[in-house]
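Both blocks below hold the same protein chain, though in two forms, and each is given as structure tokens: structure 1 and structure 2.
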Structure 1
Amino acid sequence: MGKRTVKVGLLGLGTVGSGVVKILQMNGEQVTRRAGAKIEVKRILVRDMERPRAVEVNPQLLTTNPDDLLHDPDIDVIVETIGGVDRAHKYIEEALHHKKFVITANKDLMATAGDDLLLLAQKQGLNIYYEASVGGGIPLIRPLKHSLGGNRITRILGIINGTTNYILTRMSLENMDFNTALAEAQAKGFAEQDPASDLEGKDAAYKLCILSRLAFNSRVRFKDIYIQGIEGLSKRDVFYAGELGYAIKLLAIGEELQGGLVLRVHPTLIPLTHPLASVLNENNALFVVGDAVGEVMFYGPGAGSLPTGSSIVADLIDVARNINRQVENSIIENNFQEKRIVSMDELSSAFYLRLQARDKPGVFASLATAFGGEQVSLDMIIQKRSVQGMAEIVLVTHKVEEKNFNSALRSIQRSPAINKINSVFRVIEK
């Protein structure tokens, strides 16, 4: 006879934690039927007992002492929604030592310490579930782990940060400036406590790290990922991109090439006709290319209280089934291989470049010489009428070797005719 009630210790009652409680209140009966057991939140760790909450909870469940959850033998599973790395790491280790299953929404932690934690879980005969760590409410971990398990996956490509996608959408559709759009994203609860992680591309890189491990069965580390963020991205770039037929999106791309894995997060110009160009606001989307299935796209809300809660409740259902029937407890992550990481210099890309040049004879010629000398071929050029003797030039190159482009860029930077290189982004056509 299995357990009739699976007891949960919830760490945190912020955006994500309150989403979990709300879903259990809304859909409790259905969840019980699916899980084969009632799922009951027994204790909730909070920092401040008095703070107003987005959800109604019995105040007696709240505590500020983590031991009330981690040391309670009656609690079967710890759900970690506090974010950050150090405290969450400590609590999860402790939970596993105390024989509790773990569910976490913490991508930073899973990306940086997931390997060790999963090994510990295996030793303890337990498991860690982390569907909520990537893509909010979109199922991505399970499909990569299970549903697409028969494929050799060659590429994953997508928008996996809601905050930056929200900002880029508002800048492009509402002509809004960067800071106003960021403030809106923060007010809506998409941004991390410190939005730098979103803006610098780290949040997306943590998620790419987690997804690439599963997609490529590989021990990817966070430092293997090339990262360029969207801080300081100007409205002018969004405008020019539109004029040239592109949208700017912060893309996360993982590919398995002959030479190894290429893993990168960077702002990218993609054609307005590309399906990812119509992924707006906080929505996320991921393309997965597998040798058997072809191309699959996952799309939906990538952040927010109920969507992220939805992924956690699904994990709770799996934990309950697992506890009662001992199914679905394989930790495939511990069998991953080491694969070579390909450096960006070895890649070929097309580039978008915006620069300020003095409006005088020979400037275009010097640009052409710098590019021509490095075999960089130009695809499109825009020059608007100059203001106070300074012309703004925007150009897009054909696909070129990145090392050649960088060396052309260095010689342009040295040229006295060029006042400033404002922005450099990669362009992809598909």
Structure 2
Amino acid sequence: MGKRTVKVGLLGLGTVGSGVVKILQMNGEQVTRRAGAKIEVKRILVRDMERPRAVEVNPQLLTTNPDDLLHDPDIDVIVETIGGVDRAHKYIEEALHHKKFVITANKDLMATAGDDLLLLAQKQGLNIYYEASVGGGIPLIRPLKHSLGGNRITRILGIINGTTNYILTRMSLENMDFNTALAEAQAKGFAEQDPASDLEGKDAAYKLCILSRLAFNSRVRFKDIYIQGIEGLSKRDVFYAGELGYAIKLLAIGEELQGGLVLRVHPTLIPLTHPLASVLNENNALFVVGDAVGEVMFYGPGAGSLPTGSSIVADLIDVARNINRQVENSIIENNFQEKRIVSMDELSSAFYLRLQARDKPGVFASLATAFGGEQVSLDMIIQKRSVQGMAEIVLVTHKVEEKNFNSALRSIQRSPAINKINSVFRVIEK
């Protein structure tokens, strides 16, 4: 006979931890039926016992001592929602050594130390569940591990950072400048007071690292990912992109080519007809291409107390069923292969370029010479009105090898006719 009650130790009662407790309070009966056992939060680790909480809990559940959870033989599963890397890593290792299943929402930890922790879990006959680490409330980990398991996935395209997507949406729809849109995102709680990880593309890269492992059955490391953020992106670029039939999105892109894996995060011009172009505000989405399924997209809220808590409770249901031997305990990640990482110079892409040039004869000829010398052909070119002897030129190239485009760009920068290169972004057609 299986366990009738699965007892939980919850590390953290902040935004995500509160969401977990709230969902168990709201939907406890339904969760019990689906789990095949009652799920009971036995202890909660907090930093400050007196701090006001977003959810009402029995004060006797609270403790500031992690040993009260990690060393309690009555607790079956540890749910980690404290974030950060070092402390969370230590607690999860300790939980596994004390024969407890682990659930985490920690993308940074799973991207940087997930391989080692999953190997430890396997040695202990346990498992780590991390659905909430990517995409908030959107189910992404399970579909990649199970639902799409019969596919060879060739490409994933994701808007997986809500902060940058909110900023780019406001710049596009409300003609806001970058700083105003960022300030609004911070005021509404969609951006941290220190938003560097989001704006620099690191947050999306951590998530891409986790998703790419599952999509391509490969040992992907954070250092394998090319990263370019959206800092300094101008509303002029957002406007011109719209004029040309594109939206600008911070995309996380993973592809398996004949030569290996391509993993990158960068601002991208994407056609307005593409499904990802209509993903607005703080929402996230992942577009997946598989050889059997074709094209599928997962869309929804990428963060927040209840959405992220929803993913954790789904993992709790799986853990309960696992403990009672109603589902198999398998860790597929430990069987992944090493695959070659393709450098950006080996890729081909179309490019958007905005520059300032002196408004005099011969400018277009010098551009044509620089591009022609590197076999770069132009798809679209726009010259805006001249202001004080300076003309703004916007152009989009056809697909070209990155090394050729970069060589042409260096030639343009040396030209006396070119005053400044303002922006360079990659363009995808589909």
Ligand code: HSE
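A quick note: this is a predicted structure, and the numbers were derived from the prediction, not measured. By rigid core we mean the largest C-alpha set that fits within 1.5 Å across both forms. Residue numbering: sequential along structure 1, first residue numbered 1.
Comparing the two isolated chains, structure 2 is the one taken from the form predicted alone; structure 1 is not. With a cut-off of 2 Å and the rigid core superposed, A183 has a Cα displacement that reaches or exceeds the cut-off between the two structures. With the core held fixed between the two structures, I39 has its Cα displaced by under 2 Å.
Positional change of V400 between the two structures stays under 2 Å at the C-alpha, relative to the superposed core.
On rigid-core superposition between the two structures, the C-alpha of K360 is found to move 2.7 angstrom.
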